[in-house]
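As a starting point, one isolated chain is supplied in structure tokens, in the form predicted on its own.
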């Protein structure tokens, strides 16, 4: 009986640890995001701007998160940029990440004036979500999408970008 309790406690601790690790969301400002996106590496970055209140974003997030697993041995990184308000971090964003078991890096962009950050991130971005950026600085490649992706569409776009 004591062994069952010990095993149950170990499983609970493991699940709790995983949940705590998944809750790591760095709150960043635009200069930090720009710094991350300007690294001169040969890594392809898949950057998805989303929010917990955006239905199409929530629908497509598993497709982006799957890329993290699919391309784990290649120079591909997925960065999920939450556009939720900072005040919603503990109440909505972190629980959402835990509930959906997201494995990709997640940051929350703490900017309140879209007129400041939209054109800096991409001059064509109207501000609607979801918004996706594929970027490889070493190869001087960059493409943006202001649309929702199916898993197949996202894979197709990423594979074409990496050629």
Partner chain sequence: MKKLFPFLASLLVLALSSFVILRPVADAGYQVGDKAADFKLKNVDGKLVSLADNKAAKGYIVVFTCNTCPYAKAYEQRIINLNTKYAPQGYPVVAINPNDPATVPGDSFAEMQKRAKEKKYAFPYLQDETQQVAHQFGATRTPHLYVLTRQSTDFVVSYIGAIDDNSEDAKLVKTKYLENAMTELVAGKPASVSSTKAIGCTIKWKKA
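Residue numbers count along the first chain shown, from 1. In this text, all values refer to a predicted model and were calculated from it rather than measured experimentally.
Note that the form predicted together with its partner chain isn't included here; everything after this is about it.
Its partner chain in the predicted complex: contacted by all of 62, 68 and 136, heavy atom 4.5 Å: Result no, not one residue of the spot touches its partner chain.
Listed residue (93, 83, 80, 76) with a non-hydrogen atom within 4.5 angstroms of its partner chain in the predicted complex: Comparing distances to its partner chain in the predicted complex, the residue within 4.5 Å is 83.
Its partner chain contact at residue 45 in the predicted complex, heavy atom, 4.5 Å: No - in the predicted complex, heavy atoms of residue 45 and its partner chain never come within 4.5 Å of each other.
Any non-hydrogen atom of residue 114 within 4.5 angstroms of its partner chain in the predicted complex: Yes, contact at 4.5 Å.
Exercise: residue 41 in contact with its partner chain in the predicted complex, heavy atom 4.5 Å: Although its partner chain is absent here, residue 41 would stay clear of it in the predicted complex, with no heavy atoms inside 4.5 Å.
Non-hydrogen atom contact residue 32 with its partner chain in the predicted complex at 4.5 angstroms: Heavy-atom contact with its partner chain at 4.5 Å: absent for residue 32.
Its partner chain in the predicted complex - contacting residues of 117-142, heavy atom within 4.5 Å: Going through 117-142 in order - heavy atoms within 4.5 Å of its partner chain in the predicted complex - the hits are 117, 118, 119, 122, 123, 124, 125, 126, 127, 128, 129, 130.
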